[in-house]
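Shown here is one chain on its own, the form predicted on its own, set out as C-alpha cells.
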C-alpha cells in the first residue's frame, strides 16, 4: 500500500500545529529537516564518489533546509558551495548563513559555473508552498537543473512542481525530473508523478499527530533520520 500523502493545506496546518501545541520551534524543525537532507546526500553521494556539493537555496523555509544541510555536509567532509541569490533578512536565515561563512563555505552568484564544478546538487529552492510563476533569477537555474547530467536531490518538491498537480506543462520546470527526492514529514501528492529514488525524512511526528493527519510513519532504523521507499511506499 502506498504511503498516504499530505496536501499543501494540511502541510501548512501541520507545521503550524507542531510549532504551537507541539512546542517545536521553526529552528528545531529546520534543523531536523536539514539533517535528513544531509543524510540522503551521504547515501546517494558517498565521499569517495566526489565531495563537491552545490546547494541551491530559495528565500523561504526550503532554502533554510538547504542551509542547514550544507553545514552538516561540511562536517561530514564534503565541500559545499552555496547558491543563495535572494538571501532572506529574517534573523534565523542570517544566523544560518553566518554559520556557513564561519566555516569558510563559499557563496557564489554564478550558478552555471558552479554546476560545472560539482559532483552533486541539492535543489532547495521551492518547497510545498510554491505556487505561481518562477521568478528571476530562478528560471535559468531550474532549466540548468533539468538539463544537467549531475545528479540532483530535490528537497520536498522538485522546484517549479505544483504540490498537488506535479510537474508543470510549460515553463522552465517542464521535463525536470531529479535523480532523487526527499519528502519531509510525509510525501506530498506530487510523488505520484516522480520517477526517481524517493526518501522520507523528518523523524519527529508523534503517533497522535500522525493519526490526526492520517499519515504513515515510516520504519526508521536505528539512528537514521531517513527511509528510502519504493513507488508503492514500501521500505527499500
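Small disclaimer: the values here were computed from a predicted structure and weren't measured. Numbering follows the first chain given and starts at 1.
Beyond what is shown, the protein has a form predicted in complex with another copy of the chain; the following relates to that form.
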Flag residue 76 as yes or no: does it have a non-hydrogen atom within 4.5 angstroms of any non-hydrogen atom of another copy of the chain in the predicted bound form?
-> yes
Is there a heavy atom of residue 207 lying 4.5 Å or less from a heavy atom of another copy of the chain in the predicted bound form?
-> yes
Contact flag, residue 117 vs another copy of the chain in the predicted bound form, heavy atom cut 4.5 Å | no
Going by a heavy atom distance of 4.5 Å, is residue 197 a contact of another copy of the chain in the predicted bound form?
-> no
In the predicted bound form, which of 162-170, 90-98, 106-114, 143-151 comes within 4.5 Å of another copy of the chain (heavy atoms)?
-> 90-98
Is any part of 31-69 within 4.5 angstroms of another copy of the chain in the predicted bound form by a non-hydrogen atom, and which residues would that be?
-> 31, 32, 35, 39, 42
